[in-house]
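What follows is a single chain, given as structure tokens, in the form predicted alone.
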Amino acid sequence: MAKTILYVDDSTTMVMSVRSTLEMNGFKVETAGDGEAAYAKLKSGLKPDLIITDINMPKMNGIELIKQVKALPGFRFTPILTLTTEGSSDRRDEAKKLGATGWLVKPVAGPDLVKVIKQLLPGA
């Protein structure tokens, strides 16, 4: 059965590119344009195997999303990968403290992203 990934990014270009890469590699992809929309999907029953989030977004940024997701029942062990242009080690440390599993700085080549995902989701 295909693993489900929730990809959260306010850039429609990034969403189209990452969705295409992930779907070509056999993943089921759900998307949200910001943290608030992603959080609403999770609260209404979406249970992805992995969440990939941008950091700098309107409404609810990725740091706040990580914090909110980890507080939800049943999501404590859901891996969260950041995919962002943000290179600050302070932001990276903050995200990891809140529960982010990994941090990738854009741009990331499709095969490299898939390789990291397969490390986080054994059997994917």
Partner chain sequence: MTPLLEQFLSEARDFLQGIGEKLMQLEKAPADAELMTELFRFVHTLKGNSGLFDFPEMTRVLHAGEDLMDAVRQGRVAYSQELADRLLDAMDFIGMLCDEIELNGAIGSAYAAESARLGASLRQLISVPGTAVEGVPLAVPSSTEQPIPTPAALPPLETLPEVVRMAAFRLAHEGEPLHWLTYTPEEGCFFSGDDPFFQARQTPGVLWGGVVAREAWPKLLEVDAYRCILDFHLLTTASRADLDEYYRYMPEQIRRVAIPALALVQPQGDPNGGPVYEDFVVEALDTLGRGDNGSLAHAARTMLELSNPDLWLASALRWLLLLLELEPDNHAAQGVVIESLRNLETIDWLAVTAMAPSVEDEPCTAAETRMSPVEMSPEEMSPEEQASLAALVATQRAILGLPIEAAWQMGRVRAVISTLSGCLRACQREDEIAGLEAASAAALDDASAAPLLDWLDRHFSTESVAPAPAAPEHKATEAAPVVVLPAEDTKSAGEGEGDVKFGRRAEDAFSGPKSLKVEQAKIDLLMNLIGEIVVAKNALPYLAGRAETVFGVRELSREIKAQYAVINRIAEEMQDAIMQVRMMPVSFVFQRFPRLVRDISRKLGKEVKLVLEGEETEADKNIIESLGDPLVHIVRNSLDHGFELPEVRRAAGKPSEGTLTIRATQESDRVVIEIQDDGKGIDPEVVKRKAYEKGLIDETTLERLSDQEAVNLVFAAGFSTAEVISDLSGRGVGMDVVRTAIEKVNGAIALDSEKGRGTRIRLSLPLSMAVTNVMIIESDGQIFGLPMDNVVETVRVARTDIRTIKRSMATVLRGRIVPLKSLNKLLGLATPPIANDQDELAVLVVRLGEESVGLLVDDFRETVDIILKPMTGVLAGLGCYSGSALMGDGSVLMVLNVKELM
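Positions refer to the first chain, counted from 1. What you see is a predicted model; the values in this text were computed from it and never measured.
Below: the form predicted together with its partner chain, not depicted.
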Can you check whether L81 is within 4.5 Å of its partner chain in the predicted bound form, heavy atom basis? yes
My question is simply whether L42 lines the interface with its partner chain in the predicted bound form - judged by any non-hydrogen atom within 4.5 Å. no
How about M57 - does it come within 4.5 Å of its partner chain in the predicted bound form, if we only consider non-hydrogen atoms? yes
Looking in the predicted bound form, any heavy atom of D93 within 4.5 Å of its partner chain? yes
Contacts with its partner chain in the predicted bound form - residues in 1-18 whose heavy atoms fall within 4.5 Å: A2, D10, S11, T12, T13, M14, M16, S17
